[in-house]
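First, one chain by itself: the form predicted alone, in C-alpha cells.
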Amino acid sequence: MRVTSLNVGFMPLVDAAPLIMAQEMGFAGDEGLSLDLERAPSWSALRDMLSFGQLDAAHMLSPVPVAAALRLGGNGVALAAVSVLSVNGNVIGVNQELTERLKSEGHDFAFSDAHAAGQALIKAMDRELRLGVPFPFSMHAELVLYWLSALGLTAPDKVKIRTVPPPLMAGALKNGEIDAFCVGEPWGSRAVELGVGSLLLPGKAIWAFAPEKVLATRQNWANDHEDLCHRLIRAVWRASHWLADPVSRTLTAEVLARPHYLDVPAELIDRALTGQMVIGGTGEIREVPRFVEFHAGAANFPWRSQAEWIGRQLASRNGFDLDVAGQIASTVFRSDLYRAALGPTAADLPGASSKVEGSLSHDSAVASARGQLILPPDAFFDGLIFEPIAH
C-alpha cells in the first residue's frame, strides 16, 4: 500500500494521545498513512492553520467547528468534526489565596460535588472572578459558564473570562492575571506542582460525559478526500481502542512526555491517564474514574445532539435563534462519515446519531449495530436534560 502523508496539528495536551499514538504505534501505517504531527502554540493558531489549508486535520476543541458554522470567529471556512478524540479530561483550579479562603470556610476539596464546590467558591469571592480558559469557543468555557451561572455567578458582570494558552495557565495564575482556571491536563497538575494553585473540581463533575476534543478537518476536505478521511478515522479509532487498555498507560505517558509532544514529566501525564489526581501542594490524591475517556461508551462517536447542545449554548450568549443555531450545529458533527469509515470494523455503532443528553444516571444498554453497546452516565450536575431537535 502506498503511504500518504497527512499534516496533522495538535496542542500539547494529554487528550492529543489518540493522534500521537496512532502514528507512534503504527495504527496510521496500517491504514497507509503517515501523520506529520505539528505542535501549535495556541488554539487560534491551530484553527487558522487548519482553515487556511496548512493542515489536513487537527486535534480540536469540540466547540470550534460549531462556532465556525455559526460565523463566530475564524475566517468563514466550514469545519467538520469527523470523530470525537476524547471525553472529559478538564480540571478547574484556584490560586493559593482562594485555596486558603476556601479551606478557612470549611470546604473539603472533595473534588466531586459541583454544587458544593461552586457554592463555596461564590462565598469565597469578594470581587469579580477572573477565570482563565484556553479559548473562548471551548468546552472549558461552556462548562464553567453553565456551572457558575446555574449557581448565580453570571458572566460578564461577576465572571471575567480570559483566554490563556494551556501551557501558560500556571504562569498566569502565579502572576496574578487570573484567580482560577479550567484547563486540560497536564496543565492543571502543572500548577499544583509549581505550588501556585489547587484543583477544585474535574470538568466531568459538571457534565459527566462531555465531548472535549474532536478530530477536525475542513468540510470540503472531508467530502473531497473521502477515502483518506475514512482511513484517518479508522487509524484514530484503533489508537483510541488501544489507549482504553490500562496496560497502555505507562508507554503512553512516556511517549507524550517527549520534548516535541508535551515536554513535561511522564508522572504528570500519568495522573490524567489513571485518574489519580493530586489536588494540592500537600499531595492529597482524589481518584476520578473515567477522568478522561478515549474509547469506552461510544466516546469517539460524533453525536449530533452534543453538537446541537454546544450550538444552543453559543447562540444563547450571542443573541442567535436557538433552534436555527442548533440545527446548523448538528450538521457539523459528521456521524455519517464516522459510520461509513467504521462500518467494516468491529466498532459497535449506535443505532441513532442523536440522543437525549443528560438522562443517564448509570451504565445503560442502548440499540446498536452489534447489540453490545453500553453508554455510561452523562448527567449534568443540576439534573437538567437536553432534548435535541435534530435527529
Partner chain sequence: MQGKLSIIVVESDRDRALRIVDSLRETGDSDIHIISDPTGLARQIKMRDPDIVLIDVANPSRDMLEELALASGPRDRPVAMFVDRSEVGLSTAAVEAGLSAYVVDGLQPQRIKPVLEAAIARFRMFQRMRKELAETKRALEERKVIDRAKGLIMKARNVSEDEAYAILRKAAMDQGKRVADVAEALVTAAALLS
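This is a predicted model, so every value here is computed, not measured. Positions refer to the first chain, counted from 1.
The form predicted in complex with its partner chain exists for this protein as well; it is not shown, and the discussion that follows is about that form.
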Using a 4.5 Å cut on heavy atoms, which of A110, I161, A296, L194 is close to its partner chain in the predicted bound form?
I161
Report the residue, out of M49, V366, A340, L322, that has at least one non-hydrogen atom within 4.5 angstroms of its partner chain in the predicted bound form.
M49
All of S305, G351 and P377 with a heavy atom within 4.5 Å of its partner chain in the predicted bound form
no
Which of 323-331, 22-30, 35-43, 354-362 has heavy atoms within 4.5 Å of its partner chain in the predicted bound form?
35-43
Taking its partner chain as it sits in the predicted bound form, is P211 near enough to touch it, meaning that at least one heavy atom pair lies within 4.5 angstroms?
no
Report yes if any heavy atom of G73 sits within 4.5 Å of a heavy atom of its partner chain in the predicted bound form; otherwise report no.
yes
Does E177 make contact with its partner chain in the predicted bound form, using a 4.5 Å heavy atom cut-off?
yes
With the partner left out of view, is W242 within 4.5 angstroms of its partner chain in the predicted bound form by any non-hydrogen atom?
no
Residues in 301-329 with any heavy atom within 4.5 Å of its partner chain in the predicted bound form:
N318
